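The chain below stands alone, shown as structure tokens; this is the form predicted alone.
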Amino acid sequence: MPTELQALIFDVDGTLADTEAVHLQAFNDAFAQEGMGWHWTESEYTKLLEVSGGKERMLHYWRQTNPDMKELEPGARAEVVARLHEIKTAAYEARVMAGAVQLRPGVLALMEAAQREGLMMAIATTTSPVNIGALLRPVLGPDWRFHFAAIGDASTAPLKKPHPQVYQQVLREIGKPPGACIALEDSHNGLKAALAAGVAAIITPTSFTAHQDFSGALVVRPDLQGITLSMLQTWLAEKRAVAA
């Protein structure tokens, strides 16, 4: 295989699997358990997905719905959000382990092709390490981490997408130039983060992100079904030719 394409960098939520409906259920589970009086509808959650990161999403919603609320102690609101996020993460993991989520079409085939061809793979996501493991362990096995040369997540890159921090971190770790990599994303924020780091991105939207602006994407496809490494190589080469 030509050497121009050297690495694939995968987002997780929405890209590897259509997880957002399960995340929404888990958020609402946490809100009910803690007596918050919140219940996000699908339309509300679709809008909230413009804010990357679960904790950030909850804080954003709280400030919107209670703009005049004062904290009795500094950091009290952040503590509540952190507790909610722990409960939500546990609820999400339980649902995933029960089989509520499967990889999207074409994901596993593309990963297997990359491994056969010696192409490096990495993860660049805003989700938590627990969520990544819950999704990939049942599919790739207990040693799933060894399939990826680098994993950037919410614990290692606190500045969430569309900030490019997570991509910049992953690029440093894998030691590949941005122009030799392709990002696999499903959202506008993910696309902006990849482009800001100099990485071309293929977008496979979900029902939660299909309305977003994907200007600048290398390709927008319904999913990864039927996409081969040679196709990725061709699209990347065409992009370079246009830019030259």
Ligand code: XBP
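Residue positions are given as counts along the sequence shown, with the first one as 1. As the structure is a computational prediction, the values presented were derived from the model and not from experiment.
Note that the form predicted in complex with the ligand isn't included here; everything after this is about it.
Residues placing heavy atoms within 4.5 Å of the ligand in the predicted bound form fall in a single listed stretch, namely 46-54, out of 173-181, 46-54, 211-219, 62-70.
Residue contact check for Thr127: one or more of its heavy atoms lie within 4.5 Å of the ligand in the predicted bound form.
When contacts are judged by a 4.5 Å heavy atom cut-off, Ile227 does not count as touching the ligand in the predicted bound form.
At a distance threshold of 4.5 angstroms between non-hydrogen atoms, Gln169 is out of contact with the ligand in the predicted bound form. Though the partner is left out of this view, Arg104 does not reach within 4.5 Å of the ligand in the predicted bound form, counting heavy atoms only.
Residues from 7-33 that approach the ligand in the predicted bound form with a non-hydrogen atom closer than or equal to 4.5 Å are Asp11, Val12, Asp13, Glu20, His23, Phe27, in the order they occur in the chain.
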